[in-house]
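Only one chain is given next, in structure tokens, and it is the form predicted on its own.
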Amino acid sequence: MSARPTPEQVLTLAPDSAAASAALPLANPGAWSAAGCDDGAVWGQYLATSAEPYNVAVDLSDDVGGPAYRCDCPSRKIPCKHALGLLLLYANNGVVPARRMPFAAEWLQRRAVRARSADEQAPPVVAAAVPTHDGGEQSQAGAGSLGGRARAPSQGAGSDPARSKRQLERSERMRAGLRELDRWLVDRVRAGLANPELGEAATWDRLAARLVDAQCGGLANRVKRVATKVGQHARWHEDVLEEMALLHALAVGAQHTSSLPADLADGVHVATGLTVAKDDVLAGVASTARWLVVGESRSREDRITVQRTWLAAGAAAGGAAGATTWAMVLAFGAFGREVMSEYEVGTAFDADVHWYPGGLPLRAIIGRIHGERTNGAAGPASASIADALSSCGWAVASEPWIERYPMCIAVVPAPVGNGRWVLADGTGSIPVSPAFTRVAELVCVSAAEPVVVMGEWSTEGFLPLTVFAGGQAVML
């Protein structure tokens, strides 16, 4: 059974940014007829402007060379926007299990027969097929996996010759993209950050599209975020230069992962864009503890909403803050559809948490939950600002490319002029992020007394998410 992909993973399969953008409005249930799925495939009929709908199917299984695509449309892109739109609909749980439509069943059966024949003969040579007007197959050698385990470019692909070829092709594609990224960065620094070309959105869009083509989706997303910093304030060149240095470190590190420690290499792979299947994460050793849901934040990346739910374990209110263990659970939504909050802030539960690989164990998946959820609004233990920044420093040393880190601190909000605020205690102060717009609520809850605030620290400052006061958790 193939794991259900996320919208972010689906968009990394797009052959270019234009195909990704064109696929977004197609992930609408009203645009599809008889869409269905099972453990190995997803299919449907796209209601096009032509007289007849387009028959679209995607093979999700790994055992017959998937993912592969079938569509009646005349597009020459692999996958086409219709296949991507269907996958996005499937990723957002918009496709229900059903019996395979005849065209999908016939196509999948032909693929299975060809795969069995190839196994009995010489090792197959994987070639990209072009779509035809009569429902021809679209296959993509070396395409990003939708549910299989992410492998580093240096890892072998096992005894399957076809799989080995696909892994090798993807590795070469990624290496070419990484080398091109590093050359681009060198050229930009040589020309100077004051070059007008750097201020043009098209410059960054072309780079991001090239990284998507190279299946480095993680780097493409980071490039798009860097582009938003251009011209943001008078000293934006410093922020952009810092981000370009991190891109350089990732581009070089991803080409030399065999010489890095295993955990750091895993972190580089994830930051570059190699995905890890949920089933593989759940197969790892779990951390069983009592977890408090302490905060939730959301951000937009293109037209995808990314929701972060923060959990804390190991220390209740009044305990030692240094013993707190953090976990971040990600959820994704697209096309303006709200991401549903599965875990309510202020609750607590006993659960198994499984960690994604990386030098900094932070992103996780919640496995089995033991017992009922209870009130945890007392919050986790708070740290001083000095101790919290020290922990953040060690986290950045482990993975320099992390963009935010959780903190829980007992502080008092204080104005510093020009509409700016800081959070302060006896050990120092930290600036409040300009993105935070609910200072008035925080000041009212504080009433000039120290309150426990949980939030995210980034280069822009501290973004408060939840304040714990009077036995209640107040989301900001």
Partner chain sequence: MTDIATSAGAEWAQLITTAVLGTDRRPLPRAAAGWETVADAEDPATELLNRAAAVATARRAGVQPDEAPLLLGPPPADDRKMCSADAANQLVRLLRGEHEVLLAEWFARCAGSCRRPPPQLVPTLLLRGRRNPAFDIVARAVIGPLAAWLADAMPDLGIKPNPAVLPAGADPLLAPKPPPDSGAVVTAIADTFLDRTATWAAAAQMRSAVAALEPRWLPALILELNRAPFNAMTERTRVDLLGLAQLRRDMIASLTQTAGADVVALSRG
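Remember, predicted model here, so these are calculated numbers, not experimental data. Numbering follows the first chain given and starts at 1.
Not on display, but discussed next: the form predicted together with its partner chain.
key: Listed residue that, although its partner chain is not shown, lies within 4.5 Å of it in the predicted bound form (heavy atoms), from Ala176, Val230, Ala378, Val396   = Selected option: Val396.
message = Contact with its partner chain in the predicted bound form for Val439, defined as at least one heavy atom pair within 4.5 Å: yes or no?
response = Yes, Val439 lies within 4.5 Å of its partner chain in the predicted bound form.
query = Given that the partner is absent here, does Gly36 sit within 4.5 Å of its partner chain in the predicted bound form, heavy atoms only?
reply = Although its partner chain is absent here, Gly36 would stay clear of it in the predicted bound form, with no heavy atoms inside 4.5 Å.
request  = Examine Gly192 and determine whether its closest non-hydrogen atom to its partner chain in the predicted bound form is within 4.5 angstroms.
outcome  = Answer yes; at least one heavy atom of Gly192 falls within 4.5 Å of its partner chain in the predicted bound form.
request  = Flag Val293 as yes or no: does it have a non-hydrogen atom within 4.5 angstroms of any non-hydrogen atom of its partner chain in the predicted bound form?
outcome  = Output for Val293 is no: heavy atoms all beyond 4.5 Å of its partner chain.
query = 80 to 88, 246 to 254, 283 to 291, 305 to 313: which one contacts its partner chain in the predicted bound form at 4.5 Å, heavy atom to heavy atom?
reply = Looking at the other structure, the answer is 246 to 254.
request  = May I ask whether Ala386, Pro415 and Ser429 all come within 4.5 angstroms of its partner chain in the predicted bound form, judged by heavy atoms?
outcome  = Yes: Ala386, Pro415 and Ser429 each sit within 4.5 Å of its partner chain in the predicted bound form.
ask   = Counting only heavy atoms, which residues in 436 to 461 are within 4.5 Å of its partner chain in the predicted bound form?
value = Sequence-ordered list: Val439, Ala440, Glu441, Val443, Cys444, Val445, Ala447, Ala448, Trp457, Thr459.
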